[in-house]
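As structure tokens, one chain now follows by itself in the form predicted alone.
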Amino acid sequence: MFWRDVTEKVVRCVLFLCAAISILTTVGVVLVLSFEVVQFFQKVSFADFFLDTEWTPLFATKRFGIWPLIAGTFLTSLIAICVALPLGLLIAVYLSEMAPWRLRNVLKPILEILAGIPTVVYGYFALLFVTPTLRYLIPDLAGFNALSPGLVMGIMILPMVASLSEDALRSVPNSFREGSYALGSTKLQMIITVLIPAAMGGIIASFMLAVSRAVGETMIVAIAAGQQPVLTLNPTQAVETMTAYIVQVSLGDTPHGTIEYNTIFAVGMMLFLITFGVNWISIAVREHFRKKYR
């Protein structure tokens, strides 16, 4: 009896420490970013950062408008989402409701292999294969552009959307399916009107996680999107994302403590806030649909 109580207390402490590590890590990241960001905004005004439309902190004439980097991040992520979300949902529906179990056991591991490919490989695939292929279809496409890495990012996050959405669909009780069939629905009508709405919480959560993954992607955009921070939504032009800029400065000869060095923390804080907002929306939407179909 004594040793069982001791063991339970030890296990409880270990589990608490594991949970605390993730929280403390997040707090540490926020504190480090905040300290550097305070130093940055002591030298750069909020107006210059949020209202200016040029980003040239490494040039002789320094401008600190964050919007070109936000636009580049938004553009490549939007292209990736347009590829991954519809295809991922269709794949999830097929694997969950239509594919024979033997075929499902083959297709799902093959699909998830995509998630294990290093992103640097995806980056060179976008630069050396996808971009030359697209230039046959779009002659005006620049050598570095937003379209190619956006498409490849969509392929990269496709397994996440498909796998999580399939899990959400398969978690719907069979009584929902049987009730729909009893009312005379076809399989397609059951999927559209019953199954997908009932699993919408998990599907939306997979979408939001995929969006966060796309926003935070680094190597693909650093290799194939170019490093030109221009305020544009034209996917045929070269752009620079927030993550690509951080890589550019981190690998350069920027001295520690300079304004150029502080910019990577300001950009990192913006990226953190964006991904935090996306994840918060994901949790709110998931809870909404969970209560609706409880």
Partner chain sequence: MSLVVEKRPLLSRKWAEQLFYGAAVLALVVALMVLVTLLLDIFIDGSSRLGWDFLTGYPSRFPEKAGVLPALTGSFCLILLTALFAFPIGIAAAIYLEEYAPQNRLTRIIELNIANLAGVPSIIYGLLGLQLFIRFFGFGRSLLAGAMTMALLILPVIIITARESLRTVPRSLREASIALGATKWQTIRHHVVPVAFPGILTGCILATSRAIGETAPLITIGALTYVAFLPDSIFSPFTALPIQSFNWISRPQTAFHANAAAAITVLLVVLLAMNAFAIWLRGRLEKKYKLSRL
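Positions refer to the first chain, counted from 1. Keep in mind that this is a model prediction, so the values were computed, not measured.
The following text describes the form predicted in complex with its partner chain, which does not appear among the structures shown.
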Using heavy atoms only and a 4.5 Å cut-off, decide whether all three of S250, Y261 and E287 touch its partner chain in the model of the complex. yes
Given 124-132, 72-80, 164-172, 199-207, the stretch touching its partner chain in the model of the complex at heavy atoms within 4.5 Å is 124-132
Is I155 a contact residue for its partner chain in the model of the complex, using a 4.5 Å heavy atom cut-off? yes
Does any part of T26 reach within 4.5 Å of its partner chain in the model of the complex? Heavy atoms only, please. yes
Could you tell me if A47 has a non-hydrogen atom within 4.5 Å of its partner chain in the model of the complex? no
Any chance P139 has a heavy atom within 4.5 Å of its partner chain in the model of the complex? no
Can you list, in sequence order, the residues from 179-198 that come within 4.5 Å of its partner chain in the model of the complex, counting heavy atoms only? G184, T186, K187, L188, Q189, I191, V194
